[in-house]
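For reference, the chain that follows is the form predicted alone, supplied as structure tokens.
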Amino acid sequence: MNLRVDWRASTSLVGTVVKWLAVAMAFPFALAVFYGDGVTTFAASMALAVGVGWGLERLDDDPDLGAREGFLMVALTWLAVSIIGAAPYVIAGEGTVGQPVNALFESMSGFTTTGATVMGNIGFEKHSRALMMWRQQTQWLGGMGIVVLAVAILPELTVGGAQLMDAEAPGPGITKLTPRIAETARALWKLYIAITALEVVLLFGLHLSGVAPNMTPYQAVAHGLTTMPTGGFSPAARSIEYFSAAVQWLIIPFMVAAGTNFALFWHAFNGEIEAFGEDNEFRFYVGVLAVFSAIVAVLLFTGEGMAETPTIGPLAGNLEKSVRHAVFQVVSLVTTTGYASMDFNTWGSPAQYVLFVILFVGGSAGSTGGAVKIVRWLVILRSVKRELFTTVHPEAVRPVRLGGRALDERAVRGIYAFTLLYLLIFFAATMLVYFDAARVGLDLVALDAMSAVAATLGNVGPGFGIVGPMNSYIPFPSTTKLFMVFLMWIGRLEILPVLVLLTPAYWRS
């Protein structure tokens, strides 16, 4: 059977991206040289990336990408970089992430900016600073998009770049900001780098001012690299709880920025600051954050939100603490960052149910956030409102509008289809995780299983119970972990580019 897909062209370009992954490893390699720990690990990993990438490149000397090849290349790229990205963990062989399945889980979690971890002892006692920095750096590389980065810097991908970026963000995705797609990709990455650098400087500034004693230069860089991609990997075992209240307040606006459509920042930097106020999605996004934060803050302040005594002291009756932890956790989970300012496993059922619901919200279109994405919920709400109106006024013709523009009905149906598919996969995956865990004697309650699936499929990170913010995914059997690797992969690509590859019509001549 002749295939309609030129898989050699796709795989060759995947090899190009994998080869350049060695350059990304130069930073942790430099740290390994500086600290004198892990030099061999990163030298071997860089050689592996170059060797594998060069070998794949040889499959096609002049690759030509069409739409089908674009889907294949994007899907394989995320899989390939996660596999090669696991090499430093395996070669170092330190702790639980030294096992191949765990290494792949940690790597996929990093590149997809999920933040779910199987690292048993988070910190420098068990792992080198270079390996920990690689863990943070994978999130930063994955945040704005591996393929977007490749389009920005690799001339081989200039032609076909628009198809690749559409395939990487198949839903309400990246707005074309400039006439050339490569220029748009570069503009997005410049914004991403600038905001990351600003956060690093401000975090270290807090340290110098004396209000953040634990925020050392290493910690400032590490958290800058994991906030803007909405990643959530922290080199501190207690996540952001380890740091002062000033650090927690400072990180909140950067998480909000990470969940915002980056096109708005581009307009703002070009003097169009009013773009934020005029954008329907941004107003809805801020409203969602405010409403959920207020509900959780009231629960914590009144004491209704606590099931156990937290390790950081009581919240009930303390307005600043209640508001800070409520806002931090709501923003962290809505934007799918996954940081924790405290162990919300100690919160009561009402507050936990609120947090569970917002695992499905997600960031804005064109942001680094995952899950369903807030623009889809906005369109669904407006279409429901439209249906209620036309039920009362059957003669009326009322399109769903967004930003003053009437949406095509096919786009509205596409949003319904994606959301339904997302929820179907969530329910089916929950059943699989629950029964596979039971197979090995791991006793899960329903909320644990559901939150673990929601957190991996939505690229959020922490869930509840055994996958709470201060726990890890270590207890799951290897089969479940591999399945969660699959969930993180399809969740980052918003499902469709991966499912398309599984349809016979995609491959047939």
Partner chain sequence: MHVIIIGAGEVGSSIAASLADAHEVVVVDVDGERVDALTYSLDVLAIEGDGTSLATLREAGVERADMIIASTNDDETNLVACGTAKTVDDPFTIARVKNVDYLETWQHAENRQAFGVDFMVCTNLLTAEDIVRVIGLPAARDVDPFAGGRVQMAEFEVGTESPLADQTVREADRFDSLTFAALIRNGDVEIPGGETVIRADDKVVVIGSPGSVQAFAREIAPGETPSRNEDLVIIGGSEIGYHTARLLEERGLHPRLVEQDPERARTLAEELPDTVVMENDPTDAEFLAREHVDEADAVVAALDSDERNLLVSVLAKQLGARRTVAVVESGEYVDVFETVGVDVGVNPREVTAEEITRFTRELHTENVALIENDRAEVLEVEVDADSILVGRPISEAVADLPEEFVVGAITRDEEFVVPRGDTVIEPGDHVVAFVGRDALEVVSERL
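Residue numbers count along the first chain shown, from 1. Fair warning: this is a prediction, and the values are worked out from it, not measured in the lab.
One more form of this protein, predicted together with the partner chain, exists but is not displayed; see below.
Visitor: Could you tell me if F269 has a non-hydrogen atom within 4.5 Å of the partner chain in the model of the complex?
Guide: Contact with the partner chain, no.
Visitor: Is there a non-hydrogen atom of G95 within 4.5 angstroms of a non-hydrogen atom of the partner chain in the model of the complex?
Guide: No, G95 sits far enough from the partner chain in the model of the complex that none of its heavy atoms falls within 4.5 Å.
Visitor: Though only this chain appears here, would D408 touch the partner chain in the model of the complex if you measure heavy atom gaps against 4.5 Å?
Guide: D408 belongs to the contact set for the partner chain.
Visitor: Would Y353 count as a contact of the partner chain in the model of the complex, using a 4.5 angstroms cut-off between non-hydrogen atoms?
Guide: Output for Y353 is no: heavy atoms all beyond 4.5 Å of the partner chain.
Visitor: I need to confirm a contact call. Of G205, G414, P399, G348, which residue comes within 4.5 Å of the partner chain in the model of the complex, counting heavy atoms only?
Guide: Checking each option against the partner chain in the model of the complex, the one that comes within 4.5 Å is P399.
Visitor: Tell me, out of R439, H393, K190, K385, which residue has a non-hydrogen atom within 4.5 angstroms of the partner chain in the model of the complex.
Guide: By the 4.5 Å heavy-atom cutoff, the listed residue in contact is H393.
Visitor: For the chain shown here without its partner, which stretch in 297-305, 426-434, 385-393, 79-87 has non-hydrogen atoms within 4.5 angstroms of the partner chain in the model of the complex?
Guide: Result of the contact check: 385-393.
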